[in-house]
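Here you get one chain, nothing else, as structure tokens; it is the form predicted on its own.
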Amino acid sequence: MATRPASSAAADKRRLILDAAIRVFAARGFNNCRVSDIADEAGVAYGLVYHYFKSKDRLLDEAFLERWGLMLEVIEGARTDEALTAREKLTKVATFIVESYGREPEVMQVVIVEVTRQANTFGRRHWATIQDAHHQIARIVSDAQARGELRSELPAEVAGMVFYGAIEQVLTAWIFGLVPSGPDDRAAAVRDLVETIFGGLDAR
């Protein structure tokens, strides 16, 4: 019987622990859980968590950076797709973020809520990565301004922050169960978020 390569088995174990950490962070909050809680959730020995991640903070870092990295890839892909209008590019970005909540609400809860609660220390470690998303969205706006699609007198960086900030507030409302978040609600949110930006920026 063939055995799996050690590297593959290690990757699976690492994934198991990270997924367990996300569930525990979402259920109890980062500050209210212990590494032993994560080990219990994953069904592994306490020391194995430290073997792969060194600390609870590192688990939060990994959960954030994994999701943020995927988002950055989507933003970059939308920004460089010359076949799309600015409206279509921002719709693609908003759809990815909103539907990420639909597919993996616990992951998004950790990224939006738990990371925000650790903002003082977390922000210092990852500020450049966080800002990269805002800058890439701003570039979508500035490129459209250069083409005459959007009003040029409004700062693209502000538009990028407004756009992402609005998405984050919608996600926060869903996470806390303040408003419905079904498939139709998510589709409406994308439409309204993009239209809010273009209602104020559209050169027409």
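Note that residue numbering follows the sequence shown and begins at 1. The shown structure was predicted, so the numbers you read here are calculated from the model rather than taken from an experiment.
The discussion below concerns the form predicted together with the DNA, not included here.
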Of these, 154, 173, 35, 26, which has a heavy atom no more than 4.5 Å from the DNA in the model of the complex? 35
Exactly one of 45, 146, 158, 179 has a non-hydrogen atom within 4.5 Å of the DNA in the model of the complex; which residue is it? 45
Based on heavy atom distances of 4.5 Å or less, which listed stretch (136-144, 65-73, 161-169, 46-54) is in contact with the DNA in the model of the complex? 46-54
Is there a heavy atom of residue 13 lying 4.5 Å or less from a heavy atom of the DNA in the model of the complex? yes
